[in-house]
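The chain below stands alone and is given in structure tokens; this is the form predicted alone.
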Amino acid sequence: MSGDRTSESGPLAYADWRDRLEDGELVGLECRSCGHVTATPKRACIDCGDRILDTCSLPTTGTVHSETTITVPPVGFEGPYQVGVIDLGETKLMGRIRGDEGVEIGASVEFADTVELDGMPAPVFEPVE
């Protein structure tokens, strides 16, 4: 088992992921053993369990895999608003979807901004015309 190995560049910590997201960059982790890509920081590959994960850039455009509208938002947010799971090709990422019209499953979207609550940012996507 490879549990004691670490990536040469070190694992992508949440703080690094958050800083890069706020700077307008989508990054994830790619497993060296199986090539599985995740869009958020993990300590081990969720597919094979290996701990050697390299930071990789993710595409900033994708398609809406699933979506829903939050009509009763949590404290700190105004609603209603739409959220979705965005298919970025090798991985998927959940984020807010901006736009007055709303989007349908299969619509093209691009990473546009972040929304933050209590120091925890989340990506915001908007429709691509």
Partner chain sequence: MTRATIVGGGMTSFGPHDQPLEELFADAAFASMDDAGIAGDEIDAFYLGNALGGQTESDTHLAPKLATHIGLQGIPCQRFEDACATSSNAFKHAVQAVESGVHDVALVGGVERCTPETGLGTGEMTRIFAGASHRQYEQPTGLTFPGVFALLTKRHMHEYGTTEEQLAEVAVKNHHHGQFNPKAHFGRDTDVEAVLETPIIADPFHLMDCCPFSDGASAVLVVSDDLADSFTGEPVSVTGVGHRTDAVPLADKASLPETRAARDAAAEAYEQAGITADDVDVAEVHDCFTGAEVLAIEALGLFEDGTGGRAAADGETYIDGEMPVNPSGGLKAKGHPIGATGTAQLVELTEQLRGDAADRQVDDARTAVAHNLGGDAATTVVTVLEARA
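Residue numbers count along the first chain shown, from 1. Everything numeric in this text was worked out from a predicted model, so none of it was measured.
One more form of this protein should be noted, the form predicted in complex with its partner chain, which is absent from this view; the next part is about it.
- Only one of Thr55, Thr60, Ser33, Thr40 lies close to its partner chain in the predicted complex, with a heavy atom inside 4.5 Å, and it is Thr40.
- Using a 4.5 Å cutoff between non-hydrogen atoms, Trp17 counts as a contact of its partner chain in the predicted complex.
- Taking non-hydrogen atoms only, Ala44 never approaches its partner chain to within 4.5 angstroms in the predicted complex.
- With a 4.5 Å cutoff on heavy atoms, Ala122 counts as touching its partner chain in the predicted complex.
- A residue is said to contact a partner when one of its heavy atoms sits within 4.5 Å of a partner heavy atom; Arg51 fails this definition for its partner chain in the predicted complex, lying far away.
- Every member of the trio Glu67, Met94 and Ile105 reaches its partner chain in the predicted complex with some non-hydrogen atom inside 4.5 Å.
- Within 4.5 angstroms of its partner chain in the predicted complex, the stretch 62-81 places a non-hydrogen atom from each of His65, Ser66, Glu67, Thr68, Thr69, Ile70, Thr71, Val72, Pro73, Pro74, Val75, Phe77, Tyr81, taken in sequence order.
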